[in-house]
Structure formats: C-alpha cells, structure tokens
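Given next, in structure tokens, is a single chain: the form predicted alone.
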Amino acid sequence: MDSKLVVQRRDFLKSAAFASGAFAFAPSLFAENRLTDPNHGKLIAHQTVPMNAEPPLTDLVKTWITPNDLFYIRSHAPVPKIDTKSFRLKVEGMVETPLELSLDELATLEQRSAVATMTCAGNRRYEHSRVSPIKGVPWQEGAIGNAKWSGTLLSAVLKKAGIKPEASHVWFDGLDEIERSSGVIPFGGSIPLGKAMDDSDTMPGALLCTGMNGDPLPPDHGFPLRTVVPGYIGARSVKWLGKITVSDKPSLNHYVATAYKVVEEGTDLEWAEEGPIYRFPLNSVICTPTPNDKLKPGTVSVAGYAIPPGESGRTITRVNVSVDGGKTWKRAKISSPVNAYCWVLWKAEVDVSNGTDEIIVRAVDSKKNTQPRRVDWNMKGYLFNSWHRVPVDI
C-alpha cells in the first residue's frame, strides 16, 4: 500500500477515536477473528470451542422476537452433558430448608413467561478495541437478542426454601466446567435478593427458565435450566444452572468477584473496589445499511434497534438519526412494541449526498436520558454505548 495512504488512514483512525470515542468499521476488518461453524450456519462465530457467535445485523432486526437460531451465543466452556432424569437443582445457604428439585418438581411451582432482551456486557466491544487493544470476544453489535422466556419464578423457589433474615444475595452456579490456571470452575453469577423477589404483573424479577420462544431451551442457551434476569447483563443469567446459594454477600465466583467489572487502570485496588456490573445501559445501533453497502445519493432506508437501561419502568421514547455529524436529527419511527426491559426496532428515511460521511443514531429513554456522544475506554471493553456511527460509501 502507498505509504501516504497508510499515514492518512492511521491519522483518520486516531482523529476519529479522539473526536467521538465510537467507531463503526466494516465487518471485513474483523474477518481474521471470524470462523464458520456448520452447526451454527446463521451466526458469525468468533470462537467455536466454546461457541461464541452473533447474528448478521441485517438478520437480527427482521423481527422483534429473535428466533433461537439467530440469538447470540456466549459460552465460557463447552456445553455440558446433563441427564434430565437425574438432574436436581440444589438450593442451599441461608435458607430454612435446603432443597433438591427435579425439573418436574420445579414445574409444580408458579410458572411465568415474559419477553425480555438479553445482551452481553461486551456488546460493541470492537469499538473499545479500536481505542486500545482488549482481550475477549471481539463482539460487534449483535451480542443481543429479544426472546420469550418461560419457566419457574425464582421467588417461588426461594419462598419454598424459606429465606433467613440476614440474606441479601442469590448466587447461581452452572454445571459447565471452565478450565482456568487455578483449576476447573463453573460459570457463576449472583443478583441482589431484592431483584430476585421483584416480581410484577408484567415482569418477573428473575426466572428459572426451561423454555425459549415456545421451545425447550437449546443446548447452547442452557438446556435444561438457566436463569434469566430481565434488565441485567447476560452474565447474570447463568446457563446450565445446577445450584442456587442464598448468601449475605455477592458470589465469590470469579465471574462476579473479579470479572465483569468496569476498570480503567487494572490495579489490584481498582479490581477490589469496583463492584460487579448488573444492569445494561441505554443503547442504540444502526443495523442497515452496513459499512460494506455502497449507497447512491438520495433517500436511504435506515433501520436498527434501541434498548432502554435495565431499570424498572424505563422504556425507549425516541430514536434520532443524523447524517451531518449530529448537527441536526431526524426522528425515527419505532416499529415494534415498547416495553421495559425490551429493545425496540426502529426505521427512518434519510437523505444522503456525496458529502455524507456517516450515519449516526442515538436514543432517548422515558426519563429523558440521552445516549452519550462518547464513552471512556475500559480494560474489558464493557458497556460501550456511545452514539453508533456507520461510515457511508456513496
């Protein structure tokens, strides 16, 4: 490549990082990180053992409910083999009556279905990586999905066991086996007890799910049992659930005590002081056009998703699109239901010309909070939610 072009490209990347803290690079730039797995043909696999994959964005926003075969997969270990006949969910810790429940016994407790969005804390991580390299799955914008989850109310199980007064957290341990330098551990998560018990008429605080979109949980999504915690990052919805522990503190599992924290310097003190990530933030993404699309001057159809912060009652009230760097904004049309803990799909028609460099989107929630123009880099690449930008090739 001509040396002058190399310098120009390098300077462009630096200036873009400084100006916005956000990027929307063509997927081809990440082709070296993409694998193809014949068993997950509709997904873009970043890793196959364990499977970590996301759907193409153009497919992701075709429907409000994400089909199971287009739902992103985040795993830290291979799918465990579980005998459903001998399976027992253990419930222990600060409870009056420790339990071991079969799947049939779980089904006798209060059941609930709810539509809720799940998203990885690392969604859009590649934009953080363009500021400074980050280890971890190089997620683009597809580590998110919206599904109808079905199962037993977590609160019903906890009530059956009886919660001791000093309890304040609920731990989840999976049956997967993750190999680490310190030994083999399960993936674990935990949530405050208040969240576990925070059921409403429209949304449970948390579910112990056996069903996804009307079907049994697929193996990659936690068969036969997983937690689903509406409003919280996907890491708190533990797959292949095997044990629940009621405690007076957050889980000591690595993925709560150490990982899934927002840290910038990585000192021992910072890791120790920073608390676990729970709720996902306000976010929005342009899914079409993609950076690879060549556009003609004139009217262009733009579509994508927006998600409210994972707090009770918060919804998306407005999605704005800009083609002049954020100087002016056009309001997009929301084309799906608008619910708390759920994304919305949106569409807009905008006019582009030879002078258009990019298309930008930002969202506003029901408390009038606006998606930030930029966000600071962090070591793990979590919670990237600045304005989403797609470069335009006229």
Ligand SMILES: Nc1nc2c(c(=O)[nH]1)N[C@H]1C(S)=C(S)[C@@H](COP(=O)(O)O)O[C@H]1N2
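Here the structure is a predicted model, which is why all the values come from computation and not from measurement. The first residue of the shown sequence is 1; numbering continues from there.
The next section is about a form of this same protein that is not shown, the form predicted together with the ligand.
Contact annotation: of the candidates Gly174, Pro204, Gly151, Pro308, the single residue with a non-hydrogen atom within 4.5 angstroms of the ligand in the predicted complex is Gly174. This chain lacks the partner; the member of Tyr126, Phe187, Tyr278, Phe223 within 4.5 angstroms of the ligand in the predicted complex by a non-hydrogen atom is Phe187.
At least one heavy atom of His76 is located within 4.5 Å of the ligand in the predicted complex. For the chain shown alone, Val238 is a contact residue for the ligand in the predicted complex, at least one non-hydrogen atom being within 4.5 angstroms.
The shortest heavy atom separation between Cys120 and the ligand in the predicted complex is within 4.5 Å.
Although the partner is absent here, Gly234 sits close enough that one of its heavy atoms falls within 4.5 Å of the ligand in the predicted complex. Only one listed stretch (126-134, 215-223, 283-291, 312-320) carries heavy atoms within 4.5 Å of the ligand in the predicted complex, and that stretch is 215-223.
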